[in-house]
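We begin with a single chain expressed as structure tokens, specifically the form predicted on its own.
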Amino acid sequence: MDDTGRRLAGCFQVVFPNLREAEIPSASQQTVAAWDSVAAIIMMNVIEDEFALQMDLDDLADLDSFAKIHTHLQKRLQVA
């Protein structure tokens, strides 16, 4: 896993402390029962703090898995 992925996995561990490390790369709203709308907002805030960037709330509905968030961050960090 690249540095972005490791840092993002740390964000997931903060928001979902009961999620095993091995489960994080395949985590999604469908597979994580605790991933509700409140958890999604908290995740956005944790990611903003970790990566020092502003997330767009309009993207929230599309960012519903570790993989999608990881890809989104990789694109954002290349531009920054």
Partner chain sequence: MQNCNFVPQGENVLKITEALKITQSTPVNAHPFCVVLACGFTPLHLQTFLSAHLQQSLPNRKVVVAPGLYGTLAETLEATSDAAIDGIAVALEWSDLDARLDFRSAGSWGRSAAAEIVANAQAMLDRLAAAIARVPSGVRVVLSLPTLPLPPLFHTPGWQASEEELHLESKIFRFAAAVTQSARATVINVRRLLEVSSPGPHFDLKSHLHTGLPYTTPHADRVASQLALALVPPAPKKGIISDLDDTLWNGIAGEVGPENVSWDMASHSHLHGLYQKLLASLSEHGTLVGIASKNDPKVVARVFEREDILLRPEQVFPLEVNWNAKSGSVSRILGTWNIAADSVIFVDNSPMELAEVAAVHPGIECVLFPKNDYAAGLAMLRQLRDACGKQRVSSDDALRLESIRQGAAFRVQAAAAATPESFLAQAEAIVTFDFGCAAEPRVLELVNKTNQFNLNGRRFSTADWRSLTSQPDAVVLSASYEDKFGPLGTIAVVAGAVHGKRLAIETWVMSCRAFARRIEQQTLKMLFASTGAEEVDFDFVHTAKNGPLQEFFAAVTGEQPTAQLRLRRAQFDGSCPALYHAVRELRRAEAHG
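Positions refer to the first chain, counted from 1. Here the structure is a predicted model, which means the values were calculated and not measured.
Just so you know, the form predicted in complex with its partner chain exists too; it's not on screen, but the next bit is about it.
Contact check for E21: no non-hydrogen atom falls within 4.5 Å of its partner chain in the model of the complex. Contact check for V46: a non-hydrogen atom falls within 4.5 Å of its partner chain in the model of the complex. At a distance threshold of 4.5 angstroms between non-hydrogen atoms, V32 is out of contact with its partner chain in the model of the complex. Proximity of V14 to its partner chain in the model of the complex falls within the 4.5 Å heavy atom cutoff.
Taking its partner chain as positioned in the model of the complex, the residues of 46-75 that bring a heavy atom within 4.5 Å of it are, in sequence order, V46, D49, D56, L57, D58.
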